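Heads up, the chain below is alone and in the form predicted on its own; it's given as structure tokens.
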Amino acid sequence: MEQEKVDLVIRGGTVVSPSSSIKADVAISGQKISAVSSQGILPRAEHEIDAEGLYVLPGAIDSHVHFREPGYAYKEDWATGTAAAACGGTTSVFEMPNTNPPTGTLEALALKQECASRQAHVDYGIYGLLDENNIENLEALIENGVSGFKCFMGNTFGNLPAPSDGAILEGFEILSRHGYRCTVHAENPSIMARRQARMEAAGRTDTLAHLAARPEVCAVEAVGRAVAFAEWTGARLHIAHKSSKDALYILKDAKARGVDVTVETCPHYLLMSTDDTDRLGGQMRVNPPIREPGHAEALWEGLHDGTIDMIATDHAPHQPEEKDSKNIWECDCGFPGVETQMPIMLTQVNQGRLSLQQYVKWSAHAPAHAWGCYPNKGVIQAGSDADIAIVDMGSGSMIDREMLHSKSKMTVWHGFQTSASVEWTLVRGAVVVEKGVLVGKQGHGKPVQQNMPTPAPRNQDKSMEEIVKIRF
């Protein structure tokens, strides 16, 4: 039998999985990993990467990014956003629907797909919107290639109105039949709107007013409501950007009952608090807000005990002038994060807050499972996509906003000293970052191939589809 041609070999590195770190060489044929072998066994290849002293990780999968195009391309576009991802060791992204137009119709989806296919450096999924007025579009969006759905239970950039509970429940009934996961921004909108209006009327424009408008009970109520709807319908649920400790007990209990709910948190919630307010001011306005000291420790504990499944970034770029008002209500919400996530979190590995194996689990393995792309992605093994980040755990740098590939030259991480760096990034076998320099071509990124588990809908006899059929 003719031996399969090997196009590239990564030699001398330490290959990391959620359960082990082993010295091994990795062979790549075309877009796939063809072998993971003891060192020195693989034949020479036309192209080789010397990874001696480096660590070979599955590329990160970021379940939560905003690339702003179409509609706000001056903040970010698919080329700059995915360039930032690649330079940060992220090889797949799932992009949110609050663009202009929102990704809630087939026309809007086609427009975004065209932008992505022409510009993306890394692989991608595109979220469809679940809102009050597009329930009849959900199945068509699935048929035309969305990777999942996003429901904004609480308001954020784009000011998309929160759907009613009736619309959310009906949407979950539909998604449960198809097995698609729905990400929710779980904050109670009426509490937040009332508090903000009262504070604005009273003249409160300080940075902490934003936090005061969104107390933890907003998340407790909304998480509980989302879990109830998911458990009733059998829909798969994902809780975005978990920022506080207060609703973790709801999620832990739901998982114990077998509810298919996954949870993400972000580096800024793990490593920042209101103690950073004086330093950052309006730059740190983000939804949900960065909270008082004490929440981060609970989030770390949630990662370690499995209540929180993964790390995401909520990469949400804006221009610097959109973040620098002294009136907090005039500062846009969010900041970039997809390029800095891996160096920041690997720095925490060096500081002993997590192991390298845990980082791989939370950044790649868990999201690959949640979004139905494992084992194509999220693991380094024969037959998987060659999505790889090669990192130096002993060489970091100070984060400089001017060096970021995002259009947003503003980051809350400016001046943060890392102790690890991303040296190489490969997406389906192609080198897109070489020795820290972007070398990949726009348009290399492709839609993530997904295979979600068999749907497990519940209470379908009480669903909207069934009850409207009944005639007396």
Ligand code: NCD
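A residue's number is simply how far along the shown sequence it sits, counting from 1. Owing to the predicted nature of the structure, the values given are computational and were not obtained by experimental measurement.
Below: the form predicted in complex with this ligand, not depicted.
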{"item": "Answer range among 216 to 224, 123 to 131, 366 to 374, 309 to 317 for contact with this ligand, defined in the predicted complex as heavy atoms within 4.5 Å", "value": "309 to 317"}
{"item": "In the predicted complex, the residue from 196, 119, 207, 287 that sits within 4.5 Å of this ligand by heavy atoms", "value": "287"}
{"item": "Contact residue in the predicted complex, from 236, 242, 185, 112 (heavy atom within 4.5 Å of this ligand)", "value": "185"}
{"item": "Residue contact check: residue 334 to this ligand in the predicted complex, 4.5 Å heavy atom", "value": "yes"}
{"item": "Residue contact check: residue 283 to this ligand in the predicted complex, 4.5 Å heavy atom", "value": "no"}
{"item": "Contact test in the predicted complex: residue 384 vs this ligand, heavy atoms, 4.5 Å", "value": "no"}
{"item": "is_contact(residue 229, this ligand) in the predicted complex, heavy atom dist at most 4.5 Å", "value": "no"}
{"item": "Heavy atom within 4.5 Å of this ligand in the predicted complex - qualifying residues of 38 to 75", "value": "64, 66, 68"}
